[in-house]
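Below are two forms of the same protein chain, given as structure tokens: structure 1, then structure 2.
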Structure 1
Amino acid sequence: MTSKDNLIKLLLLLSTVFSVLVTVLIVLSMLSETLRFFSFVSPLEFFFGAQWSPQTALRSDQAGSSGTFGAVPVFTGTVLIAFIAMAVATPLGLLAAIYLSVYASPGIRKSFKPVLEILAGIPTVVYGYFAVVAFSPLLREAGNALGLDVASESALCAGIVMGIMITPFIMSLSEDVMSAVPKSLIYGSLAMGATPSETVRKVIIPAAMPGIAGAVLLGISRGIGETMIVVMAAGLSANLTVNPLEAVTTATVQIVTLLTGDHEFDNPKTLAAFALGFALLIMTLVLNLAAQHIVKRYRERYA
């Protein structure tokens, strides 16, 4: 190897070590602050408490509530909005991927896929404005027509708009996986007399299922970590409810709320943000590991 190759190899090694080191430092810093939080608040109260009201007195000379830190309403809202988002994004993304990979002509695929992928690059605050200005009033009017009381800020509104945002993500990954299915399998299925729809259901989707499952799980991780859409469309109320027509909040929104302004990192209110963040880190880590396990363990290899 030449000196130039050795230099490039060294730079790549340093980049890898730096990335791993930064990740480890982030995890350790969050873990240390989380342990400090649990020195003020019992882990049982945090993980199983049903009331979230983190307002406390920041200094000894201030009057304020002692605060309650039951995070069940926060995590319930997080899961509810993520579930609604995936209920929207998964079928839309898969149907779009099937059309582009199987039915669309090369010209249409070349034109449509980049346009759909652009949606994934739109800032989330734009989706939030769309939810507040256009979609939320439309949803309330539809609810009134059906005799339903839809809150101005609701989990349903935030979940649907978030699903629209995640759809291009799932579509792009699923389409790439479906397009990678060997053409010999597809042509063999068609030669045996199967229709295109039967080929999709019995050949393409089973062959691409590990990649599709991985795309869906990664989409769930994206939904769990979303903030701006929830802030603008779902509100800040930590309500323990599974009714999608009511206002809820998520862990990321509460993290932003708790860390907004000048605070000292020596009280439960501020440290609660790190506990929520560490819990989200574990959740997304589990989802990402599950996605990788599915892709590696159940991928079918075709010659």
Structure 2
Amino acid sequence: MTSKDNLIKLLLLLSTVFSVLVTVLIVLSMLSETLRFFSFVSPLEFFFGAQWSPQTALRSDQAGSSGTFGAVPVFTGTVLIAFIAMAVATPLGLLAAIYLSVYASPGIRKSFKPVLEILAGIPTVVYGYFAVVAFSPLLREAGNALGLDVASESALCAGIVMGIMITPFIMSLSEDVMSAVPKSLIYGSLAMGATPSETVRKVIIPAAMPGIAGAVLLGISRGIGETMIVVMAAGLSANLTVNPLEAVTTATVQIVTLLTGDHEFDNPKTLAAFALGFALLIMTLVLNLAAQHIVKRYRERYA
């Protein structure tokens, strides 16, 4: 009996080790391809170059076949779109969470929860389709009415749609952290004659600030890793701009365009995708670890 038990235990342990192995594999495979990429292209050019046009490296015998791999415009585009998304998602998610937990009647709360669950459950490819077919034309018309020239693949369009996608995420996270604020603080504030909004703005939000910051960091991490919305609604060419009305590209868009189709692994064009992916992985990991650290310390404070 014990030998069978030990065998089962061993199997369980092995599968646990495997899940760690996945992370190791992710990091190792990305790292090795990235190092190979840096044997073609210097890291200095990649991190500080302002020119991104990998598509010229189509054939090795072509003139100017090396392509240019300055990733600065790609990263600014990524950050710009994630920033617009968070500018939409943070107020929307936070206000919705506050309204639901402070003002809403149980009836409204009950009927609104499914709406957010649906928004959270819609696949991102559907958001992408919506951005292209409905939202982008709408935005262009609104821009024309205001006398602005909005590009059809503007950062604004992708950013706003992505923001709506992240809203339920921010909302449920901030609702969690706000409900962790001790009731004694809230009742104390109300008993002193503060209105509900004053209690929210001056007591609940400052107390829950670390948790909300953690939620925003996780939201940013989702925004920069999001793929389908930007692949469908954002641009392909890497423009170095912070104007939200123009088309920009993101790291995920570049990974998809570089890797769809045939690829050989000895050319910098393919390997560039892995370098971008590695940078993406590092960014999201740092954001997640920071967010987890902040939230953990926050929970300990009120535990």
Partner chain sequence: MLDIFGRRAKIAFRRAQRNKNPFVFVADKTPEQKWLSWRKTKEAIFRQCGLAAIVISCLFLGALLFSIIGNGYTAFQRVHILLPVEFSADILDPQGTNDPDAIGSADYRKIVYSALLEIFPEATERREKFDLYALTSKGAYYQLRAMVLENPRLIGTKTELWLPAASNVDLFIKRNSLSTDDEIASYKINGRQYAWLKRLIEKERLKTTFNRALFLNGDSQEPERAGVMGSIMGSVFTIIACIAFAFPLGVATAIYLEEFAKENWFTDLIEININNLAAVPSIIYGLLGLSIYINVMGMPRSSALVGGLVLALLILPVIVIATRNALRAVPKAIRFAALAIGATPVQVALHHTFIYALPGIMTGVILGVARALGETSPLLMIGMVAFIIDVPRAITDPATTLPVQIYLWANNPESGFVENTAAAIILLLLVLAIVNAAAAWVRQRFEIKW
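The term rigid core refers to the most C-alpha atoms you can superpose between the two forms while keeping them within 1.5 Å. Counting starts at 1 and follows the sequence of structure 1. Just so it is clear, the model here is predicted, and its values are computed rather than measured.
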| Just one question: which structure is the form predicted alone? | 1
| Hey, does residue 23 budge by 2 Å or more at the Cα between structures 1 and 2 once the core is superposed? | no
